[in-house]
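Okay, so we've got a single protein chain in two different forms coming up as structure tokens, structure 1 first and structure 2 after it.
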Structure 1
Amino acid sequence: MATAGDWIDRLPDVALERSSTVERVADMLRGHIIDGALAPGTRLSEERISRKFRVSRNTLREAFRLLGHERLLVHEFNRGVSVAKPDADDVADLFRFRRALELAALRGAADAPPGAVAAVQEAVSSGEAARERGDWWGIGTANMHFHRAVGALLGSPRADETMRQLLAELRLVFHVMAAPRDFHAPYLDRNREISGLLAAGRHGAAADALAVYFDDAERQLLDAFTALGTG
């Protein structure tokens, strides 16, 4: 598990404009969650992060509150702020919502904006490149990009924003898997299958394949939580 110091040191040195400071800080932290750099339970240092981003602690606290509303961070009295720890109920709810959004996006992909289908294919290729490198967490990140690209088929800024929040929560869930290679790698070929069906205009078949994919992934994750005694 990465320590707070490890991931903070990897953050870019940036000076943020006041008009968008809170949103940009929240977006960068959310992005680190999606990329897997922040594991559930990681404690966040106000002092170090505010110094790294060159923002006030009050600004950082506003960003923390924003991510708290998204269920990505939690504040514990006398213990500070840490990354949330999803449970089995969160898994079930996340997949319930994913089915509603992503399956609809595939079924309606005939009306997708220009470049949206190509973005799905690019995410698949990125995952396959990570597999060639043996970068199993990189595969997980590419998988996040794949599903984000699927959601983007809707052509809705609101759906895009919702997907980014949802995928950040989902990445926290993935930390329950003790062997990321065994979990993520088999889904690469299924991503390629779905991408191929989408490119061929077989939108219903792509949605049906993703529905089975969701059933299998949800079952694996719930089994993992049960094995930990948190299901």
Structure 2
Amino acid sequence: MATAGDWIDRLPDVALERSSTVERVADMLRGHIIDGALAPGTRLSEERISRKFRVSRNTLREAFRLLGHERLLVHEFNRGVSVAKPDADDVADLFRFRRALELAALRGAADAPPGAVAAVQEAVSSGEAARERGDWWGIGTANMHFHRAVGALLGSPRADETMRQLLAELRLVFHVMAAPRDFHAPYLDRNREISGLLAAGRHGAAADALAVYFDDAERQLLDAFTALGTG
């Protein structure tokens, strides 16, 4: 009879994660920010929020630090925190960063971890399904998943985390815009095209297509910003 070690050794040694209050608070706030329930620029009072969530100011402040590091909150000394309010420079920065990461991911997709390409295709399909349902918010979410899946082609957990942050910030950008509802829909077909090129092993062509995508999307966002600035 084999020893118990054989069986135990096959188990994935992941530490089962319990959640601290700080992380739950951070998750909740992050969700509200990404959903748009907290408008960019909103000041967050330690007093009131800690009372609302029934947590101590200490705990809340630790959560604020986390979200500040993710750039979803901005922390001004002696003035507290407020929801980040990205401007045109931020949009340009985000796209520069995304270009570097996602294009590199597509170009090097030959070394992608197993299942990563399939994940990209699933994200595309889920976006199309959302379009069928007329679920505009779902389209946006699926689009985010698409780009996260593209970034995941790099096979780097750290890059994944960075992508997650960048896309969360991008959601903030959409909330600054006037009409984010039907922003993503036109890009669904492009996602399908890129996904197809990727699956066909035409990595360079996929990257080129995504580059054009980025140019158009960035211009569209920047136009929306200048429209806001002058309006």
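We call the rigid core the largest set of C-alpha positions that still match within 1.5 Å between the two forms. Since the model is a prediction, treat every value here as computed from it, not as a measurement. Residues are numbered by position in structure 1's sequence, first residue being 1.
- Between the two isolated copies of the chain, the second is the form predicted in complex with the DNA.
- Superposed on the core, the two forms differ at V83: its CA moves 2 Å or more between structures 1 and 2.
- Remark: with the core as the superposition reference, the CA shift of D35 between structures 1 and 2 reaches 2 Å or more.
- A movement of the C-alpha atom of L44 reaching 2 angstroms or beyond is seen between structures 1 and 2 when the two forms are aligned on their rigid core.
- Here the rigid core is superposed, and V55 then shows its C-alpha moved by 5.7 angstrom between structures 1 and 2.
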